[in-house]
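Heads up, the chain below is alone and in the form predicted on its own; it's given as structure tokens.
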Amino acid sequence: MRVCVVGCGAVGSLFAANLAQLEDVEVWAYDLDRAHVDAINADGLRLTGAGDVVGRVRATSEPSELPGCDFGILATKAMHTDGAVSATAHAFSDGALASVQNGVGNEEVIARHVSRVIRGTTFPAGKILSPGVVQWDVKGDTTFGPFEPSPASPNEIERLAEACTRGGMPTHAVSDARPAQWRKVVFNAATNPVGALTGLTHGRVCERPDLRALVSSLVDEGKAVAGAQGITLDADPEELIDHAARPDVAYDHKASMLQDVEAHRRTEIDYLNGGISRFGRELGVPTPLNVALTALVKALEDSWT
């Protein structure tokens, strides 16, 4: 089996390094960060923290160098989906491409370029420490299922899930991946912008009663939008938020949106809170808090220019 990870940031690196532990899987990585690519090719892709792993991965910044792949795992930021997939789609002409990205709307973009798409959701998280080295902050499960308008086959979904699980990234193949996807969308939209605007880690946000109440109100809006689509979340975001706030889980973890704010990078707010608000408008579900946080984060981004 040949797998290409498109976007070898923190999450993509977790998949690439772990899959590279398998003798029957050849792993490629595509990323625009040439220093990261060069370090991976020279010394391997190293994970530290929650797992100490070194994966031998073939990395490139040149899309033309990618061979045909059985599977792809797309792990870019949501705003880079179209550019990344249009550049690499030739590698998946006979394969299936799975998204493990944040937010909503990524699969629709992928399907413009690739015929067989896997809807994915993943909870592991980390951050890049230096080229070729990634800190693995949070372990967790991944869910794969068909993207209904342009699905990969059940057998393909099961094969990719089984390989990820064997490699150290526990993954479940399901017939409907929307409950897991919206569970994470609601989780991220309720916590990430609050951390990004305050500079607080996940645990510190949750230990303040005022901020924890705001998080709960954001959860309620997200659940209402999911419910209006006929989606019942596969787990309660409130319980997951409190679990992640434990000292032994993710108390000190800086959400990806906070990492982006600290680096003055564009955030994924349009695909998280903005995505919930867009679905809310289409379905007639009010989402005033998600609208407000989207405006605040986008204003913060504007302040950097």
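As the structure is a prediction and not an experimental result, all values here were calculated from the model. Numbers follow the displayed sequence, beginning with 1.
This next part talks about the form predicted together with another copy of the chain, which is not shown.
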Since only the chain is shown here, I'm wondering whether Leu214 would be in contact with another copy of the chain in the predicted complex (any heavy atom pair within 4.5 Å). yes
Although another copy of the chain is absent from this view, report whether Ala224 comes within 4.5 Å of it in the predicted complex, heavy atoms only. no
Give a yes/no on whether Pro288 approaches another copy of the chain to within 4.5 Å in the predicted complex, heavy atoms considered. yes
Heavy atoms within 4.5 Å of another copy of the chain in the predicted complex: does Val174 have any? no
Heavy atom within 4.5 Å of another copy of the chain in the predicted complex: which of Val138, Val133, Leu197, Ala87 fits that? Just give me the one. Leu197
201 to 209, 231 to 239, 92 to 100, 155 to 163: which one contacts another copy of the chain in the predicted complex at 4.5 Å, heavy atom to heavy atom? 201 to 209
Heavy atom within 4.5 Å of another copy of the chain in the predicted complex - qualifying residues of 275 to 297: Pro288, Leu289, Ala292, Leu293, Ala295, Leu296
